[in-house]
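Coming up is one lone chain in structure tokens, specifically the form predicted on its own.
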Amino acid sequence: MSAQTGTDQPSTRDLLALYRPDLERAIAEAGHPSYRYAQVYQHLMRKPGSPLSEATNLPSDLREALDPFGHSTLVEQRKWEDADGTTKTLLAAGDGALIEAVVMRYERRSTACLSSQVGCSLGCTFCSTGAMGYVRDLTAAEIVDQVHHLQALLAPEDRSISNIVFMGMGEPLLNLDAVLTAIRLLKDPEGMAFAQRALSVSTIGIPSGIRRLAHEEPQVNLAISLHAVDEKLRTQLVPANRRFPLSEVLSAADDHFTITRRKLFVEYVLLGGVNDSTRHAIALAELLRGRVVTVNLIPCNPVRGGSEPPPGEVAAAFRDTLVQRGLNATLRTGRGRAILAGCGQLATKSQAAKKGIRNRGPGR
């Protein structure tokens, strides 16, 4: 069953089939009444980490029948904690594929950073996930179950996830069917009931995907990873720019705004001595002139290829140049670096090893 779009409201059984078709089939084969689908779905969505054997609203025979399927498509293998409030989890899918998901704790919110693919095909030069290469897409259930695992992790702290960013391993818009289905499940009022504006999709810029996201989920935030202000440099940093040129990406972003009237978020990784000069900042301000945009500047995290972040004063000067030219710009504080959970640092050990990638630090 494919994800439904627009304003159509699927039944709870349809939602369960989108999320866990194996459980939907098992209930149907057992001949249970229709309200059981809602009970199973709500247990999975509202009690993350709780096995189906503990779903006391279900009859014992149904609990026994469903429990072997598991309450999650993912199993936690390991986790790492950073003193800054970041936790990274290594999760294994049923076929042994490994992914990483991250939760960042702030004073008034907790943000989950989700993966959408195992590995990535885009090969950005400053990203460890790109060095893994592409392994496979995640299913909608594997995307949603990352939230469940992180939610269960926070529960003993009397915390819950408040924001979700598709900014982990993989390119979300190259797995858009599953990502859109996951978004539908995450925002479903009968399930986890996340506000649409609490969800953000980050992309290097897939024009067709940007336009489709605008039509199907207009309230979800769009963040485009720009990283350069001209086609030549962007192609060096983001090889996929050959397929999806900067000019076409920005045209799609303009269409997104026309459809949604929502602010665009631009992610710009600062690479010391590469794209961090005043000249680059002025060119970026000129490129984005007239657009409703916030620029998030991210000093790069040391990964493969020897890229290093610029000195703090250089990064601050870049931000100040943008602000002086009328842009809303923020300079992010790196989080999770000690456990390799920062932007561009996610890459699972076993699959990286299969690709011949040398891992550095915990979880790599």
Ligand code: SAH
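In this text, all values refer to a predicted model and were calculated from it rather than measured experimentally. The first residue of the shown sequence is 1; numbering continues from there.
There is another form of this protein, the form predicted together with the named molecule, and it is not shown here; the text below is about that form.
Only one of 201-209, 145-153, 277-285, 91-99 lies within 4.5 Å of the named molecule in the predicted complex by heavy atoms, and it is 201-209. The candidate site formed by Leu52, Gly70 and Gly191 is entirely out of contact with the named molecule in the predicted complex, as no residue has a non-hydrogen atom within 4.5 angstroms of it. Although the partner is absent here, Thr86 lies well away from the named molecule in the predicted complex, with no heavy atom inside 4.5 Å. In the predicted complex, the named molecule sits within 4.5 Å of a heavy atom of Phe166. With a 4.5 Å cutoff on heavy atoms, Val269 counts as touching the named molecule in the predicted complex. In the predicted complex, the named molecule sits within 4.5 Å of a heavy atom of Cys127. Shown without its partner, this chain lists Ile298, Leu44, Leu58, Leu66 as candidates; in the predicted complex, only Ile298 has a non-hydrogen atom within 4.5 angstroms of the named molecule. Proximity to the named molecule in the predicted complex, taken as a non-hydrogen atom within 4.5 angstroms, holds for one residue of Ser225, Asn175, Thr181, Asn221, which is Ser225. In this stretch, 244-266, not one residue has a heavy atom within 4.5 Å of the named molecule in the predicted complex; the partner itself is omitted from this view.
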